[in-house]
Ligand SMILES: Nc1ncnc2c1ncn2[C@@H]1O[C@H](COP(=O)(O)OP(=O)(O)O)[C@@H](O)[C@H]1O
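Quick setup: one chain, the form predicted on its own, written in structure tokens, and binding and motion questions come after.
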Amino acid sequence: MATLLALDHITKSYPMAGQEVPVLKGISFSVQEGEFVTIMGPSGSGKTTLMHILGCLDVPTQGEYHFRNMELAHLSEMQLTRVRREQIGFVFQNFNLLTTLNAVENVALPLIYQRISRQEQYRRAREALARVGLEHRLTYRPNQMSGGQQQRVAIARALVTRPPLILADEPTGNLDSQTGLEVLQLFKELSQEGHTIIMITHDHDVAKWGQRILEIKDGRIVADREVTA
């Protein structure tokens, strides 16, 4: 497998009360194409800051972030936006669906920047919704769907641009246990199909769904282990 991304001694500090407060302290790891990696840590461990850097929502203070042979740490905001829009699919805890749009319209949103027809946008959106088992909910709006169905719409939206990386932030955090298991099973299936997935979680039981667990504590990676059956 080829390396999709690699972080090399990434640090991140934020100014607070006149001084720089370190949040990430020399993070280094790589992810191969097709891997399903979970990053686990308690509140305050730095995992959210790490997710923001992985997703090009923030930049490190020091260190290098290589993604598909591009060095991202010092790109301009416009360049980062393009990488974020074209190369990364996001799944959030709160779904982040637009309540005024139906499922197809929500899923098609990331395609508006691509030079394809509206007809093609909607065809791809319907295809993505079918992949997550929602071909019967195409015209439903978020308030007409359960939490699990809304998260499946969010996953379809992450898939629709066919990005090399799917980044999921606590994707089961707002779901009941059974629905959460169904969503995790979907991520596992997507991984088996060759999608590269990085999932952020504080829950050890959720983390075990990945092939590999990175544990972060106090801004450092303290463990990197393969998941055994």
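Throughout, we count residues from 1 along the sequence that is shown. As the structure is a computational prediction, the values presented were derived from the model and not from experiment.
From this point on, the text means the form predicted in complex with the ligand, which you will not see here.
Residue (of 191, 172, 38, 45) lying close to the ligand in the predicted bound form, criterion heavy atoms within 4.5 Å: Exactly one residue meets the criterion: 45.
Heavy atom of residue 196 within 4.5 Å of the ligand in the predicted bound form: Close contact is absent here: in the predicted bound form, residue 196 is far from the ligand, nothing within 4.5 Å, heavy atoms only.
Contact segment among 158 to 166, 46 to 54, 179 to 187, 30 to 38, judged by heavy atoms lying within 4.5 Å of the ligand in the predicted bound form: Stretch with heavy atoms near the partner: 46 to 54.
Contacts with the ligand in the predicted bound form, stretch 140 to 177 (heavy atom within 4.5 Å): Heavy-atom contacts to the ligand in the predicted bound form: nothing from 140 to 177.
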